[in-house]
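Take a look at this single chain in structure tokens; it is the form predicted alone.
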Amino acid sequence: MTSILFVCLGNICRSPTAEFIMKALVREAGQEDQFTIASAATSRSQWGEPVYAPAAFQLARHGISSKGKFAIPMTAADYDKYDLLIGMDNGNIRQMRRIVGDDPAGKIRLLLSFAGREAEIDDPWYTGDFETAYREILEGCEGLLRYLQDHQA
């Protein structure tokens, strides 16, 4: 069982989008029982809020529901709970390291690194470009699933 925590600033746009895209991908691959997938925030500012409507809309456009998801904060205990802690941008990575401390197991990674590039996914809360964020998150999640399938074999 592989456990993954996707992380962004508020847990209302990028990280829940990654959570639900990844759940859809593993379901399509028939590997649902091999994964635990969740998302959290580095900030407590949106705690308890549902997925932001434009992000939920992008998911719904692709047949993916985010119903029942509410923002939660990342905690230091998440480091031991999850195999991978995946941030959307370098600011997320810095804050994740601040929350958990050292990363001796190399669990903290940037999502698009699994797609072969060290690029950040811009926060659509600020850019307003939820479509691009969706596409980039999908690219990262597809790369992550390939990576995990290659390393489990």
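Residue positions are given as counts along the sequence shown, with the first one as 1. The structure displayed is predicted, hence computed values, not measured ones.
What comes next is about the form predicted together with a small molecule, which is not displayed.
> Ok, Ser113, Gln95, Gln46, Gln31: which has a heavy atom sitting within 4.5 Å of the small molecule in the model of the complex?
When the small molecule is considered in the model of the complex, the option within 4.5 Å is Gln46.
> I need the one stretch from 100-108, 22-30, 59-67, 119-127 whose residues put non-hydrogen atoms within 4.5 angstroms of the small molecule in the model of the complex.
So the stretch in question is 119-127.
> Residue-level question: is Cys141 within 4.5 Å of the small molecule in the model of the complex, judged on heavy atoms?
Heavy-atom contact with the small molecule at 4.5 Å: absent for Cys141.
> Test of understanding: in the model of the complex, would Ala18 fall inside 4.5 Å of the small molecule by heavy atoms?
No, Ala18 sits far enough from the small molecule in the model of the complex that none of its heavy atoms falls within 4.5 Å.
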